[in-house]
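Take a look at this single chain in structure tokens; it is the form predicted alone.
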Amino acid sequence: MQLHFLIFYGCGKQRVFKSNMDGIITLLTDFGTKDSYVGTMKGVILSINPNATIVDISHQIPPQDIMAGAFVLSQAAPFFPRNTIHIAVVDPGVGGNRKPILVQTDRCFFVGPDNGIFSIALQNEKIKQKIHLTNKDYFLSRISHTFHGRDIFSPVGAYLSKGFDPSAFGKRIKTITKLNFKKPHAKNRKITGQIIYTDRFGNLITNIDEDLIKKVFKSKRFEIMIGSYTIKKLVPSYAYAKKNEIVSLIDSSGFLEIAARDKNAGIELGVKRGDIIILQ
């Protein structure tokens, strides 16, 4: 059932919008859970739309690590229902020149800073419009220089979840910031890629997907060079590795992963995000 709400703003303005009242909003931040930041964002959202469903994707993104936030968001976003609103705040440039933005695709919405955090998730989305959030009618009345997650992104996401027209939040823009997300290079039966993420278990996720491996090597065997280590074993799952053994496998998202059974592969190999990995 659709309802109409009459919203009153300062300066005597009023606007009527349609709402479906059952919006899903996800939150992804680097705030952690020790402080009040995440709870405050939820409070803002629920004050505007008490019927919103809020889902935490993660609040344990390493501080200021935009690439990690972009990767984690890209892994979770495709599994949410249509019209889900994804608010992502890993925002080392808060209070600076970076824009607050809203991106509408054919299946969902992304709200957050224009610093590239949506780059990976948007690779598999059809973008309908990109909006620079400029309409302060949809912000909190007082905007801090350090907490746009509370003052801009949460209220925008909440109003959006009530069915407000995305074009009301600001002006359309043509381009947004993209991260320097390198794709793997394949030539002469050799693939060169890199580590793009390390999860909490120390598993090393690469930017090399299963389809590329099949295309280059067909059904033939290959070995993996990472750091000073060579891996010759590709297993179906962790259960097929011996205790402490370092192996490769295809992870749940279809990417090549390096893991150590019952240990942290990143520590064992001395490898970090951005390091090169070679398959041949």
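None of the values given here were measured: they were computed from a predicted structure. Residue numbers run from 1 along the displayed sequence.
Although it is not shown, the form predicted in complex with another copy of the chain is what the next lines describe.
Using a 4.5 angstroms threshold between heavy atoms, Y240 counts as touching another copy of the chain in the predicted bound form.
I61 belongs to the set of residues with a heavy atom inside 4.5 Å of another copy of the chain in the predicted bound form. None of the heavy atoms of D137 is located within 4.5 Å of another copy of the chain in the predicted bound form. For I131, no non-hydrogen atom is located within 4.5 Å of another copy of the chain in the predicted bound form, even though that partner is not displayed.
Shown here without its partner, the chain carries N124, P155 and F169, none of which come within 4.5 Å of another copy of the chain in the predicted bound form through any heavy atom. For another copy of the chain in the predicted bound form, the listed stretch (109-117, 177-185, 155-163, 203-211) containing residues with heavy atoms inside 4.5 Å is 203-211. The partner is absent here, but in the predicted bound form a heavy atom of T198, alone among T192, Q104, T198, N83, sits within 4.5 Å of another copy of the chain. Residues from 72-97 that approach another copy of the chain in the predicted bound form with a non-hydrogen atom closer than or equal to 4.5 Å are V72, Q75, A76, F79, F80, P81, P92, G93, V94, G95, G96, in the order they occur in the chain.
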